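In the form predicted on its own, a lone chain appears below as C-alpha cells.
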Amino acid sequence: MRADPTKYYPLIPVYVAYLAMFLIGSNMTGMWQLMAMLAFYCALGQAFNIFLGMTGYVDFGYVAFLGVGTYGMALGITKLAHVEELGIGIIIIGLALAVVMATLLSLAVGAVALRLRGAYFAIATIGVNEGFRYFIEGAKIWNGSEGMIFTAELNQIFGRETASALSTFWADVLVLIIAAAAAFVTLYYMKSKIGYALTALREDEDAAKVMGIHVTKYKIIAFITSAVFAGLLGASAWALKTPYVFPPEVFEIHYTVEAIIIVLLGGAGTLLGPLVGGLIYGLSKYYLSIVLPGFQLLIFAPIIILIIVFFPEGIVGMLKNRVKGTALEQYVL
C-alpha cells in the first residue's frame, strides 16, 4: 500500500513557521536573537509535549534532561579537544553523548517515577531534578559546583572566528532543526499505534490496561523520546550557545514551568500547539520586559491564567473546533 501523503499535511504550517523564523532572523537586522529565543521556546514545547501532551503526566523534573544534555556536549568537547582529526565531528560526538546521557537518566527515573500517578509522579520528578543537581555538586562530579567552561577548547578546535559563528548562529540553527525533528516524531507517534495507545492511557489508564495495552511500555517510550530531545536541546541551546555549564543554571526548575505553560497555552497533545504556545509566550515575555520592565511577570501571569481559563484545550484546541469540516482541518492538528 502506498503511504497517504495527506497525513503529513499538519507539518506544513509548523515547518513554514520555522522557516519564516529563520528568514526573518537572518535577513532583518537585530532580529536574530529574538528569533533564536522563540525557536528555543518552541523547541522546548515540542519536546515536552511528546510526554505531557500524549500521556497527561506532568514531569516537573524535565529540566534535568536539558542539564545532562548540556554536560554531554561539554564532556565531549573538553575530553576530546586534543584530537585534532575530529574537527566538526566533536560536535556530533557531543550530541551523541547528550542523547546517551539523557536516555540513561530517563530510564533510571522512569523505572521508579512512572510507577506513580498524578501529584505523586510530579513530586517524585521534582525530587529527582534537585537530587541529581546536588549529587553533582556534592560529589564534585564534572567539576561539581564550579561547573565547566570550554570556550578555550572551542577556540582551539575551530579557531576563534568559527567558534564565534558556532555560538552565535549555528547553535540556533541546530535548535530549529531539533524543533522540526520533534514535530515530525510527534506526528509519527500520533498517527501510529504508539499514539493510539498513549491517547487511551491519557484518557483512562485503568481502562487501557483492561483493553490489553501495555501502558508502562508506552509511557517509557514517550518519556525517553521527550528526554532525548531535551538532551539535544541542552547540548545546542546551552552548551554551544554559552560555552559553559553551571549546575544551578542548567537545573533551574523554572525552565520546566515555562515548558508546561507553553504546552498548555498552545494545546497539550496537539502538533501545532507547542509552536503557537512558544510564540505567544516568547513574544509576550520579550515585549513586556521592554514595555514594563520589572513588572512583566506580574502582568504576564494573569494573562496566562485568562487564556487557560477561556481556552482550556489551548489555542490550537479551540482552533481545531473552529476549522472542523473545512479545508483547513487537515492542516490543524
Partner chain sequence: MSLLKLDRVTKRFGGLLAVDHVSLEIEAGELIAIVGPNGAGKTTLFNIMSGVFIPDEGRVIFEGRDISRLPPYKRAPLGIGRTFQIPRPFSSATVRENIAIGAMFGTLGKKVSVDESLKIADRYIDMVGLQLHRGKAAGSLTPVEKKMMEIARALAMNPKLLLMDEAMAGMNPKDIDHMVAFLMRIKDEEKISVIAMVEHIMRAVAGLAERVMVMHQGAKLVDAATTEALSDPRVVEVYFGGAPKEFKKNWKKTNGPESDKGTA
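Computed from a predicted structure; not experimentally measured. Positions refer to the first chain, counted from 1.
One more form of this protein should be noted, the form predicted together with the partner chain, which is absent from this view; the next part is about it.
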Given that the partner chain is left out here, which of 196, 142, 169, 184 has a heavy atom within 4.5 Å of it in the model of the complex? 196
Note which of 114, 208, 176, 90 lies within 4.5 Å of the partner chain in the model of the complex, where distance is taken over heavy atoms; exactly one does. 208
Given that the partner chain is not shown alongside this chain, does residue 324 nevertheless sit within 4.5 Å of it in the model of the complex, heavy atom to heavy atom? yes
Look up in the model of the complex whether residue 203 has a non-hydrogen atom within 4.5 angstroms of the partner chain, and give yes or no. yes
Although the partner isn't part of this model, could you tell me whether residue 214 comes within 4.5 Å of the partner chain in the model of the complex, counting any heavy atom of the residue? yes
Partner contact for residue 191 in the model of the complex: the partner chain, 4.5 angstroms, heavy atom: yes
Using a 4.5 Å heavy atom cut-off, indicate which stretch of 67-75, 127-135, 214-222, 258-266 touches the partner chain in the model of the complex. 214-222
